[in-house]
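In structure tokens, the next block holds one chain alone, the form predicted alone.
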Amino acid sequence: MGLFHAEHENVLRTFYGQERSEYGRILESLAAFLETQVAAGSAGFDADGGGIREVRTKLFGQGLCRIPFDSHGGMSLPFGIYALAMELVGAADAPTAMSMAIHNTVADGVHRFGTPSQKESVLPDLISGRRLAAFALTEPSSGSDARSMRTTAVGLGTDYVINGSKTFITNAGEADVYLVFARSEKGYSAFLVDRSVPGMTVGDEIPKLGMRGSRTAEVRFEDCRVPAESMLGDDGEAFEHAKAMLNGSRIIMGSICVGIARTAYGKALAYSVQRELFKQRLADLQITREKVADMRTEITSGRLLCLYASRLRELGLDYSSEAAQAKILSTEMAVRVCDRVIQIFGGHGYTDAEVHRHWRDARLLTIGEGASEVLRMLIAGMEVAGSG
């Protein structure tokens, strides 16, 4: 079975009506490329922790990151089409999807908050993939509580001098440009920092439970001097900008997890049909069928909530709560589905990386881009405030 299913066609018909044919052709073409050029190497990325640079370059060439942008070389397609595309990438190889999603989060920030000069000089290279981006917010002592960051940016003439460190940075060491968040005189600000700037160094790769093909490392800044024009958005407004960027990113992380779950589920379904137990197919046991039904239902629920949040964004409506809901539901769903998949495979599920790597990949996304606990606090806060 290919990555692009009849269920995707039905979703396109439901959400986008008569435009489904054009979008369907784009997604079907992407899925065919992913099946032959990406999915085949996915197990190898996990086994040796090797990078996904070549695959990423090919996907840039396919125009993946151009999909949601309406200028500077973008394709001007709905955000929901981008979400479905990233679901397909997640189904083919989660580390590749993670790397490209983080890259496009930075591109989204430049598109929404950059100066005309930044958009002209940076955005075309990001959208096309000529340059790779990294999002540098998390620090060794501040993860979910980002406001406790210690990295500073001190104004000095027409420049800013950055000191501090960031950790768990996806694409670190490979990225050409880093979006760095720091404390400034007016609060918190963000800067586009080129990899060649003196004073910025990248540490060794951090070993991970999953997402092994995606490079993660610490980035350190020691008297790193950048021009004031490198500031993204208004001075002191970086957290508001980050929130807006992360809202979109959370939908995409949810979509990636739908893809992870779909691939793991497909393996379990095929295995249950072939495997015999007590002189009957594993798939014919009632307990197996309950698992199959639950997994299928949860995968569909995750996809639909991601698309609903995407549709709100497309219509210019507030979608911050729905984006958080989509990420919680989809990431936690993927972990549950992959856990059930391991159980269906039994001992093979625990010992065969082709099975358990999907659980390991999905597990990260309940933490990154907003841990589930923090997002629950966000959703509840909005609900309580809205009822007062």
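Residue numbers here begin at 1 and follow the sequence given. Source: prediction; values computed, not measured.
Although it is not shown, the form predicted in complex with a small molecule is what the next lines describe.
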Next on the checklist: What I'd like checked is whether His72, Ala101 and Ile127 together line the small molecule in the model of the complex, meaning each has a non-hydrogen atom within 4.5 Å of it.
Outcome noted: no
Item to check | Residue (of Thr288, Thr138, Gln118, Ser249) lying close to the small molecule in the model of the complex, criterion heavy atoms within 4.5 Å | outcome: Thr138
Next on the checklist: Which residue, Phe113, Tyr265, Tyr160, Phe168, is the contact with the small molecule in the model of the complex, using a 4.5 Å heavy atom cutoff?
Outcome noted: Phe168
Checklist entry - Just to confirm, Leu364 within 4.5 Å of the small molecule in the model of the complex by heavy atoms? => result yes
Item to check | Contact flag, Gly143 vs the small molecule in the model of the complex, heavy atom cut 4.5 Å | outcome: yes
Next on the checklist: Can you work out whether Lys208 and the small molecule are in contact in the model of the complex, taking contact to mean some heavy atom pair no more than 4.5 Å apart?
Outcome noted: yes
Checklist entry - Taking 4.5 angstroms as the cut-off for heavy atoms, does Val374 touch the small molecule in the model of the complex? => result yes
Next on the checklist: Taking 4.5 angstroms as the heavy atom distance cut-off, pick the stretch from 148 to 156, 128 to 136, 225 to 233, 185 to 193 that is near the small molecule in the model of the complex.
Outcome noted: 128 to 136
